[in-house]
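There is one chain below, alone, in structure tokens, taken in the form predicted on its own.
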């Protein structure tokens, strides 16, 4: 007799799949903070943070979520999103006899005290701490810098700028800093740049600009993720510039994360780049094999599972790019083994993880279409005469793929791209080949284009 499947586990497994399948901003904004509430008569009841999220999920993702829930549950199900009640902040009782003033740097300042209210409105994930961050050669310096900031916010490395590719631990470190400082009573706020932008727009619409500014300028530690999404948003950049200045002038800590180094944030204002570079910049490199194995062991321990060493090594060897891929692969294997009550073996891991032979569309038309979608431009712009960086970079990526995937000659590629000279195409292909060695952003975008060609 098969044991019943735990619906809360099914929801967590579904979230794990969606995190891998969706673009990161979509998952972070709409699904990350959801909570399983109950499972009643074939309906998953899921709590979301506000009515806006409820409406968005119902309109955009409900059918996708239902399909994944049904597959993992093994039956037809429905999903109902409800708005979870607001948290109630409990007043902190006064303690007249406690020392609320301390002497630091010859200045009398309010002493910090631990209070649960320090986490209110901080947007922190309490399970992301320094204690469960796995340190390796590629992230050791960044980890040490973040610990130093958490121990003495506003004094050591302000601002701290963290960059690295997708899934290498930037967000984990931001939350670790936030949790450590909130534990000490500091007022902390974690936010993505997209959320910052949306809240600013909403404050303008509702004439609550003053309240918006107070929210961000009265914190002790501001943690802002995915700063690259501020590029091209002039009004938001201006607001963030003044917020940044206000905080750093008051010795409040600012920590910024990006998926690319400062010199590649070409659409951020120079005054912002100058200030970001005025503190400490640290990078996160992809984990080596030993580091990946250590991460998988830690993740298996968190799940309360014993995973054979050969399966751990197999996953570590086949997913070298980032921690998110590693965790996703481990989740897929362990979930399949649990659902089908099969032992964890190399054979099972190979069956689940080896890529299906999905045919790739090799046509130059498909390549141009996929590149245009990835870079948010049109095929006409790729073929057109404009040479701005916004167009030239994706055009060179298209040249590289038409050479690598479609196996076209340089003159043929030039003809498809508006009659360009073959020497121009040769230069574009060579430049992409060179950038692939040093630029993780180009590597990631190129892989996303390849994925589009398989859809």
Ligand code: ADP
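Everything quoted here is computed from the prediction, not taken from an experiment. Residue numbers count along the first chain shown, from 1.
Although not depicted, the form predicted together with ligand ADP is the subject of the following passage.
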Answer yes if any heavy atom of residue 324 is within 4.5 Å of a heavy atom of ligand ADP in the predicted bound form; otherwise answer no. yes
With the partner left out here, check for me: in the predicted bound form, does some heavy atom of residue 132 sit within 4.5 Å of ligand ADP? yes
Going by a heavy atom distance of 4.5 Å, is residue 159 a contact of ligand ADP in the predicted bound form? no
Would you classify residue 142 as touching ligand ADP in the predicted bound form, given a 4.5 Å non-hydrogen atom cut-off? no
With ligand ADP left out of view, which of 299, 275, 189, 233 would have a heavy atom within 4.5 Å of it in the predicted bound form? 299
Option touching ligand ADP, based on a heavy atom within 4.5 Å in the predicted bound form, out of 260, 128, 217, 383: 128
With the partner removed from view, which of 263 to 271, 170 to 178, 233 to 241, 69 to 77 is the stretch that lies within 4.5 Å of ligand ADP in the predicted bound form, judged by heavy atom distances? 170 to 178
Sequence-ordered list of residues in 288 to 305 near ligand ADP in the predicted bound form, where near means a heavy atom within 4.5 Å: 291, 295, 299
